[in-house]
Ligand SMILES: Cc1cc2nc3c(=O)[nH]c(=O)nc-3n(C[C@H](O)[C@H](O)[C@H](O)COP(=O)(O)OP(=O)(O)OC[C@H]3O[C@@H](n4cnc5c(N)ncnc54)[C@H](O)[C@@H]3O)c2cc1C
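So this first bit is one chain, no partners, the form predicted alone, shown in structure tokens.
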Amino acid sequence: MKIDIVWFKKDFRLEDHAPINAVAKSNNDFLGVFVIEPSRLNEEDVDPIHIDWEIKCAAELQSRIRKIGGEMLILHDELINAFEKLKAKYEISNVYSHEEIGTEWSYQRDIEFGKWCKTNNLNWKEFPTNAVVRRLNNRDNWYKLRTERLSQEIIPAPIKLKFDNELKMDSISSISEIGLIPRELRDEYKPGEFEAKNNLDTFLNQRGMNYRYEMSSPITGENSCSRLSHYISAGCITIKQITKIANKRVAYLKTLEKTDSRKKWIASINSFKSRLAWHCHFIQKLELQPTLGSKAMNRLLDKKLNRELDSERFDRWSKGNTGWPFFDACMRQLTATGWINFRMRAMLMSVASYTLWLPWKETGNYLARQFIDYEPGIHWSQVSMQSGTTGINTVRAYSILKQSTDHDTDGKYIRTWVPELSMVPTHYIHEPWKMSKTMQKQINCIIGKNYPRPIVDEKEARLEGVKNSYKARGSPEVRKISQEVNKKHGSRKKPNKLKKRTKGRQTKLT
């Protein structure tokens, strides 16, 4: 009996799934396959929490596929080895998958798999992923193509699949079966397509009214943000699905009586929709340049910045032990939960790059391993921007003190994640090293003993980092490459009049 294989590349859903739909329309048996490749586990950006999350999402999908008559395997093997074994046991008619916009590792893997399929006379067809467009030379027509892609109808989930073959291979069910132990996270992340839709529903109808105004804070953002990123990165839900549901919600809100809450809801959902557009905009950069995780967009600029790895600084930065309370709280929250809001992610990278002058590759890989929702296209595009290695983006050098006083005025967040400072008076919570020695003894918080002194003078080091960045960007050779980077990766959206008037001000101390 012939089978069609759907190779799942972290696209764990039934609805809006072109590969599944292709098999459902055929007369062939349906076999889904998700392969955890040992070689991937050696990549510097991969962490057991990623694999654990993917296996849980795959297992949830496997259960749903079996309920409607199909079959799915979760395998631990190199991709071509796995398919050699499948080919020896089954008569494979077609292989279907989505495109994956990943790092060089997945890019090369796909090339090798394509060669293997051609050698073995197997038809492998890939379908587009979200609104990322393959094989573009530049960004000129991308927005138009994106809009067309997202306007297409949602592909319904199949009601029935079939698998009349005998199951001849064993499937793994948990990460422990491949010998990995993920770090324990405080938050419980429930896998699957239904949970993704439930999260979206609570965001659009309950939690998200103040999204626009509260997404920047790690305190309010934990509830007011959509909290869909880990579902999107695992492919439990698509950008098209989210956009259409958000549009329906806005259309409904516009039929209601005008109130302050209606105004806030519409503003927040529209702001959220703009973030959905940025999602594919950033991943498109990785499609255009798969080396973003290993090579800077502007390599000459990166060379002139000449950042070197200081092991002590890196260690204190990565462990949330810098002596800057708000920064340490953010890093510790990320480590403990696998998530933090977008603005704070940018701050973590900016501080590493400008204030501590650490190299982007090492810090970028470390952060990638902390995120439960790690999406290579978004992550490495942001690392490039926040480390100042594109040559085309505004220098964003985050002031930790400003972020701290803006988002945690009373220090409650700091005290939650940095318990060493729990007894520090609010007046000193943002800069505890300014307490007198007498006060430090009274509250049993000796700076330099119970909590570290700042690793460097934050303001002085940050401004020095900005200065050195401009110096590196100033040469004609670097500017020429920056122009090429902009031609390839820059947004084609026309700047408004305000942006034109402020074009000369290229530093943003946030």
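Sequential numbering from 1, following the sequence displayed. Note that the structure is predicted; figures quoted are calculated from it, not measured.
What follows is about the form predicted in complex with this ligand, which we do not show.
Colleague: 227, 379 and 386: each with a heavy atom within 4.5 Å of this ligand in the predicted complex?
Modeller: Verified in the predicted complex; spot residues all in contact, yes.
Colleague: Give me the residue from 232, 358, 269, 161 that has a heavy atom within 4.5 Å of this ligand in the predicted complex.
Modeller: Of the listed residues, the single hit is 232.
Colleague: Quick one: of 341, 440, 241, 284, which gets a non-hydrogen atom within 4.5 angstroms of this ligand in the predicted complex?
Modeller: So the residue touching this ligand in the predicted complex, by this definition, is 341.
Colleague: Report yes if any heavy atom of residue 430 sits within 4.5 Å of a heavy atom of this ligand in the predicted complex; otherwise report no.
Modeller: No, residue 430 is distant from the partner.
Colleague: Taking heavy atoms only, is residue 346 within 4.5 angstroms of this ligand in the predicted complex?
Modeller: Residue 346 belongs to the contact set for this ligand.
Colleague: According to a 4.5 angstroms non-hydrogen atom cut-off, is residue 375 in contact with this ligand in the predicted complex?
Modeller: Residue 375: yes, in contact with this ligand in the predicted complex.
Colleague: Is residue 168 close enough to this ligand in the predicted complex to count, meaning some heavy atom within 4.5 Å?
Modeller: Contact check for residue 168: no, nothing within 4.5 Å of this ligand in the predicted complex.
Colleague: Out of 271-279, 298-306, 176-184, 139-147, where are the residues with a heavy atom within 4.5 Å of this ligand in the predicted complex?
Modeller: Looking at the partner contacts, the answer comes out as 271-279.
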